[in-house]
Ligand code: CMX
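So this first bit is one chain, no partners, the form predicted on its own, shown in structure tokens.
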Amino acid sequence: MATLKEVLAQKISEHRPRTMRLLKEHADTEVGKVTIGQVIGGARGVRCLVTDISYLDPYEGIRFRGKTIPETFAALPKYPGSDYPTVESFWWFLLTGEVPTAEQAQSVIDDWRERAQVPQYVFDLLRTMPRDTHPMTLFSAAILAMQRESRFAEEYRQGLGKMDLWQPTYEDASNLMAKLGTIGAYIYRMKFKGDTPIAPDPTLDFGGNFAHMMGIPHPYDDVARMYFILHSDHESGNVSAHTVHLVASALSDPYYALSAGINGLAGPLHGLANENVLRWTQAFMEKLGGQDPTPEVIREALWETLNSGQVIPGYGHAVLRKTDPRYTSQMEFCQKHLPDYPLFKVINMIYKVAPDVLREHGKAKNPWPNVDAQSGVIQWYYGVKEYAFYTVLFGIGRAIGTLANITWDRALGYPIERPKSLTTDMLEEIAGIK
């Protein structure tokens, strides 16, 4: 049986001529025009990045290698006794575009097991940092500390050719993925559970082992598998994914790049959004004063929120024009495992009422919920009630997609990213108002 790296090498050799032909024969073909609003507004909607790993369709949501979320969950091999695919099978799928067999998925589980040992100095570093340090700071620091282990940095120094740099990128990415669950769970147990880390269980897959190290029984292992896959990638333009791509384009190794992306994910406009949604929802429940969350009660409370000048957190998305399929996947999990949980009942009723209220309000371009409207509820139900840790969970998942992407960036020899800037005077001249 061919290994993942061997299959990936074959895929790369087949793909490179496509990229080279586009550059050689069609480099001057226009893709689109850029407006002043896009130049000033954060380059939103500017088509200037390439990834074959995921695509965000406004009406179908995220597609991983061409498959929707339900199609992805249905196609990939599941861990025995689990309702969800293994993270390892998903890693194979993102890198190659092929659905792995159960045997191929197991080969990645075995490979990560051999790479999983976290250096002791990482734990020593975490323990020297003040205990009130934010979990994302701890997580980013742990990743950056391991940079000394980088195969990419070593082989680049030795003069490895540009088109072969994908191989040490793959090695670094695999080494990081194998360790991130252990690091995340260690931070959680050290900071929030009385400094009681739980040793890894090498017989388990990534999701099962993470749940074990968190100290949370089944079906939290399925929560982990689902959560990490759902949060893995969202095209290349979001802050965390783009940051990893940007830093890696300078041929900084994956440790530098992923740590930078985690720092971007920590922003309140990005990865911290799920924390803000849960805080708002719990405050919302307090205002209900124990009332049954009927449509009438929820509608009145939502209008009170909007009329006070506040927004409804977790609703709206820059690209999506329907309910985020990541929200739907988590909602289906809740309907199966915690249908009578009061917090979920409120969230579910908001989902039924809020879109009509927002459409009537008239200011929301997209009145549908995004992934953040649901994800915190599941974590809270299973006892992970420390808001600050939620983004670490997001970061573990986001690493899957970003590390797969930069492996392909190096495989196709993409150059350093360097867009051109304009002055305000230039923009005023272009607009004819100078």
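Whichever C-alpha set is largest while still superposing within 1.5 Å between the two forms counts as the rigid core. Don't overthink the numbering: it's just position in the shown sequence, from 1. Source: prediction; values computed, not measured.
Omitted here: the form predicted in complex with the named molecule. The next part is about that form.
Colleague: Which pick from Tyr315, Phe139, Tyr79, Phe93 sits with a heavy atom within 4.5 Å of the named molecule in the predicted complex?
Modeller: Partner contact (heavy atom, 4.5 Å) among the options: Tyr315.
Colleague: Please pick, from Gln117, Gln282, Thr133, Gln310, the one residue with any non-hydrogen atom lying within 4.5 angstroms of the named molecule in the predicted complex.
Modeller: If I apply the 4.5 Å criterion carefully, the residue I get is Gln310.
Colleague: Cys334: heavy atom within 4.5 Å of the named molecule in the predicted complex?
Modeller: Close contact is absent here: in the predicted complex, Cys334 is far from the named molecule, nothing within 4.5 Å, heavy atoms only.
Colleague: Might Ala273 be said to contact the named molecule in the predicted complex, defining contact as any heavy atom within 4.5 Å?
Modeller: Looking in the predicted complex, residue contacts with the named molecule include Ala273, since a heavy atom lies within 4.5 Å.
Colleague: Consider Ala199 of the chain shown here, and say whether it contacts the named molecule in the predicted complex, taking contact as heavy atoms within 4.5 Å.
Modeller: Result no; Ala199 lies far from the named molecule in the predicted complex.
Colleague: Decide whether Leu358 counts as a contact residue for the named molecule in the predicted complex under a heavy atom distance cut-off of 4.5 Å.
Modeller: Taking the distances in the predicted complex, the answer for Leu358 is yes, it comes within 4.5 Å of the named molecule.
Colleague: Can you tell me which of 368-376, 27-35, 56-64, 381-389 lies within 4.5 Å of the named molecule in the predicted complex, counting heavy atoms only?
Modeller: That would be 368-376.
Colleague: Is it the case in the predicted complex that Pro268, Leu306 and Ala364 each bring at least one heavy atom within 4.5 Å of the named molecule?
Modeller: Checked in the predicted complex: all three residues contact the named molecule.
Colleague: Select from 23-51 the residues with a non-hydrogen atom within 4.5 Å of the named molecule in the predicted complex and write them out in sequence order.
Modeller: Residue within 4.5 Å: Arg44, and no other.
Colleague: Using the core for the fit, does the CA position of Gly362 change by 2 Å or more between the shown form and the other one?
Modeller: Yes: Gly362 shifts by at least 2 Å between the shown form and the other one.
Colleague: 2 Å or more on the CA of Leu302 between the shown form and the other one, with the rigid core superposed, yes or no?
Modeller: Comparing forms between the shown form and the other one, the Leu302 CA shifts at least 2 Å.
Colleague: Rigid core fitted, is the C-alpha displacement of Trp280 between the shown form and the other one 2 Å or more?
Modeller: Trp280: C-alpha displaced by 2 Å or more between the shown form and the other one.
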